[in-house]
Ligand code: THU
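One chain comes next, on its own, written as structure tokens: the form predicted alone.
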Amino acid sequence: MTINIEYETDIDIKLDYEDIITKVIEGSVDYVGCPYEAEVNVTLTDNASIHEINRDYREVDRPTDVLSFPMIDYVTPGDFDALQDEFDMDPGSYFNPDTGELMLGDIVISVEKVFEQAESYGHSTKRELAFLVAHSMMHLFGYDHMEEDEAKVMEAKQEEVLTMLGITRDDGECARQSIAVSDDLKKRLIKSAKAVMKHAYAPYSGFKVGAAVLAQSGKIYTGCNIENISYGATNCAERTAIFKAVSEGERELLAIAIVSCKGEITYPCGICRQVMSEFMSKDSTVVLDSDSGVKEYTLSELLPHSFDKF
């Protein structure tokens, strides 16, 4: 993924803005399930410059906090299925001809407004910057807030992205906090677990299992069980997914979904529960899917007396 960030003001935002912007953009892209490598351009500027852009492009004669310029005409917000037809007919329409990446669009943010609104709303400049980026990303995915119903959908989605990233109104980068996982996210986890289950290597038991974990970064990592003729060298689906997440730099996992080919509730084994406790809080969500329905537990319900680090 390509994220181009330009800083075009002498005002010092006093943040690691590149890291914040990158995390929110990548988290947003993962959240909507964009199937393509993407390109986003971000410009940080001041009130005078964004005032000029606002006047020239929107005929609004005042500075604003953020401007979004989507490159894609969506039939349905967040639906990327129709883009393949566009690519087949005209590869240069929405896709960068040099990189093949989907060109989502441009974001322009006023650093002065970041400071002003952070103070006005009583939260950190980090939270305000992250919010403006998440808000703009929803615009780049085709969402809008002109109508009340549309605004509710868009607001819920951008807030969910920030919550997944642990960027809350109290600047919560706190590790292992309890974060509510929406029903939509649980469904995505279950879908991802079912998809990876088909790759399970289970020639000895015939019992295929799939798992998907949601990391604090907003990314979903999947894993299946991989058996070995010695049995002791077998790795469970839950640990495969967790180890993949950790190997990619994740350290805080918010939820896990587990499915099996038998269509029955499949509980994680004791070793997996202990491994889960290493990277998940006691209140983290464990979703177990079956043909007869879904059961949910907190990790502490499945492992009430874990061996804690001390």
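This is a predicted model, so every value here is computed, not measured. In case it trips you up, residue 1 is the first one in the sequence shown, and so on.
Keep in mind the form predicted in complex with the ligand is missing from the figure; the text below concerns it.
- Of the candidate stretches 158-166, 223-231, 126-134, 139-147, only 223-231 contains residues with a heavy atom within 4.5 Å of the ligand in the model of the complex.
- Although the partner is absent here, residue 189 lies well away from the ligand in the model of the complex, with no heavy atom inside 4.5 Å.
- The closest heavy atom approach of residue 120 to the ligand in the model of the complex falls outside 4.5 Å.
- Among heavy atoms of residue 205, some come within 4.5 Å of the ligand in the model of the complex.
- Though the partner is left out of this view, residue 48 does not reach within 4.5 Å of the ligand in the model of the complex, counting heavy atoms only.
- Residue 268 is the only one of 27, 70, 63, 268 with a heavy atom lying within 4.5 Å of the ligand in the model of the complex.
- Taking a 4.5 Å heavy atom cutoff to the ligand in the model of the complex, the contact residue among 102, 108, 181, 209 is 209.
- For the stretch 226-246, the set of residues having any non-hydrogen atom within 4.5 angstroms of the ligand in the model of the complex comprises 227, 234, 236, 237, 238, in sequence order.
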